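First, one chain by itself in structure tokens, the form predicted alone.
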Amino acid sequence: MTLLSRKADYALLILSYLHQNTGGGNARTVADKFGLSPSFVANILKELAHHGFVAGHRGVKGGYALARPADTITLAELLESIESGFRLTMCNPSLPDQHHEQCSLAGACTLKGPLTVVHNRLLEVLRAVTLAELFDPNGSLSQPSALLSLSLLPATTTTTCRSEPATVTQA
């Protein structure tokens, strides 16, 4: 299981390419760079343009370029736009009802509350990461302060494992 769909993954690749190539690019060039279907890349570019992430330019030298600087776009914003909302589970009660698939165990589930907490904390992290940080070749995320401070569930008990040294007796 992956949290990013193929479309979201490709959208990130496309935006990364446009970030690195400030002159922009067209669907065919981007598709050739990553070995992707040109029509799939074109569809993703159209969707990215619809959501205001890229701007299209018509003509012989037409193509797409970032509509906004990558440091003003968060990973959460992109995923919520491209995926029509980021959901960790089908029954996440923190999201407004959008005709989601209903879980048959919703009435008896004891995990809905804790999973909502995890979902909200993941969103906090995704909102703290900009695309510029992801695209930084120097690895500014090598010390991800947002991730290091992430505690997905409140600690209820602390346990430590301590191994006792083995004793060997000789006869």
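Position 1 is the first residue in the sequence shown; the rest follow in order. Computed from a prediction, not measured in an experiment: that's the story for all the values here.
A second form of this protein, the form predicted in complex with the DNA, is not displayed here; the remarks below concern that form.
The partner is absent here; in the model of the complex, the one residue of 121, 57, 68, 127 having a heavy atom within 4.5 Å of the DNA is 57. Though the DNA is absent from this view, in the model of the complex it lies within 4.5 Å of a heavy atom of just one residue from 117, 49, 132, 111, which is 49. In the model of the complex, none of the heavy atoms of residue 31 sits within 4.5 Å of a heavy atom of the DNA. Among residues of the shown chain, residue 64 is one whose heavy atoms approach the DNA to within 4.5 Å in the model of the complex. Residues 37, 39, 40, 43, 46, 49 of 29-50 are found to place at least one heavy atom within 4.5 Å of the DNA in the model of the complex.
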